[in-house]
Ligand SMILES: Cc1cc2nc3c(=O)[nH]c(=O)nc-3n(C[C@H](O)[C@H](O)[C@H](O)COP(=O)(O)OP(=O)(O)OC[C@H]3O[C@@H](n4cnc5c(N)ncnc54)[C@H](O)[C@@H]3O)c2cc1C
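Taking the form predicted on its own, here's one chain by itself in structure tokens.
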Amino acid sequence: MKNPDAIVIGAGIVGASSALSLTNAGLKVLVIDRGAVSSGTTGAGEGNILVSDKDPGPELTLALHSRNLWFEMQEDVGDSFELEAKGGVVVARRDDGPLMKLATEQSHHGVTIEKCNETRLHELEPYLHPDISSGVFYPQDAQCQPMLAAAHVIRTVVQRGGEFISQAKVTRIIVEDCAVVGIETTRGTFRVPIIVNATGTWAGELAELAGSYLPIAPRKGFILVTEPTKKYIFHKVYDSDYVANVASSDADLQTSTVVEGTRSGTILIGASRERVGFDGAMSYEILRTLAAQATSLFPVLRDVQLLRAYRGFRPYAPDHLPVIGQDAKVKGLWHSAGHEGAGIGLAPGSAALITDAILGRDSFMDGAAFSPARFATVNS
């Protein structure tokens, strides 16, 4: 495919969703990645598709629509990637005032909530620590297996006339008269008028190749995985301080309890956040902290063996909003990045926004809040 209609750079779930959306709109799409499918942030993700952790505003609007698109996308692709509307339970160990206030505000913006007393909370999660007596149930929260999802989606793109090239590092974006005209990679040169930058933590580097600027940085996190075990966790369960940690701009280490089961029987435990560049060193202190927090939420996990631990890098934008839209300087260069830990959940909605904008048609929401133009003055 020497002259595609569009090239999507990045074969994680954000890039895969963008490629499928553009393909379904009638474009001939080439997907390239410097590694393999899901070799970046997607491969280190838990598969969260959440509305519970979003404040009212444009990101929540995007999350609600994207959550529904996930189920449409699975029907379209026709393959299972463990997509499940399992629901989320957010617990308050101390003062539940902030959690209840947020839930009430969310409920006025399309989020389904159920404020739970002690009895209801332990009906939902029987193995929860008996001293925890207040929480909110979010039935719209969902989960998938993100690596499977990206693989199935890209396979569908190829089946519908697209192409995927792995191990293709971008060496140059060819720009003439402030517009994209082509791209050079280690696997060949392509003439193309549309490029979608879905490279996650490397999105800023790709923007630089086109002479532009995006302030995307990596935010490191660890996840623990237990051995397959009895079903102890029935929903995604997390402490209410998780929402504050997600929204924090602090570069220092932050941890909050996040626990959920998978269809394979393993249990995933998170979550940590710190800005340390691409330092991938393992921290046993952080792993011990995460394990201790999880067992304080579910004491039964003390007798469950850990299988492994892994880390990944979330693509972080300084204002905590994703970057979705056409570049402020280069016509034809479109960005879908900076989703941080919400990239999996927001991927189909982001793809719809990008596709609608490229085709010049109305979309399901005003995406101005996500525009790359908001950073244009920073580097002017």
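Computed from a predicted structure; not experimentally measured. So that there is no doubt, residue numbering starts at 1 and follows the sequence shown.
Only in words, not in the display: the form predicted together with this ligand, which the text now covers.
*Asks:* Would you classify residue 223 as touching this ligand in the predicted complex, given a 4.5 Å non-hydrogen atom cut-off?
*Replies:* Output for residue 223 is yes: heavy atoms within 4.5 Å of this ligand.
*Asks:* At 4.5 Å between heavy atoms, is residue 52 in contact with this ligand in the predicted complex?
*Replies:* No, residue 52 is distant from the partner.
*Asks:* Does residue 332 reach this ligand in the predicted complex if we count a contact as any heavy atom within 4.5 Å?
*Replies:* Residue 332: no, not in contact with this ligand in the predicted complex.
*Asks:* Using a 4.5 angstroms cut-off on non-hydrogen atoms, would residue 35 count as touching this ligand in the predicted complex?
*Replies:* Residue-level check for residue 35: yes, a contact with this ligand.
*Asks:* Using a 4.5 Å heavy atom cut-off, which of 368-376, 21-29, 353-361, 8-16 contacts this ligand in the predicted complex?
*Replies:* The contacting stretch is 8-16.
*Asks:* Could you tell me which one of 73, 170, 111, 214 places a heavy atom within 4.5 Å of this ligand in the predicted complex?
*Replies:* The residue in contact is 170.
*Asks:* Of these, 121, 233, 206, 103, which has a heavy atom no more than 4.5 Å from this ligand in the predicted complex?
*Replies:* For this set of options, the contacting one is 206.
*Asks:* Does any residue in 329-358 get within 4.5 Å of this ligand in the predicted complex, counting heavy atoms only, and if so which ones?
*Replies:* Counting only heavy atoms within 4.5 Å of this ligand in the predicted complex, the contacting residues of 329-358 are 339, 340, 341, 342, 343, 344, 345.
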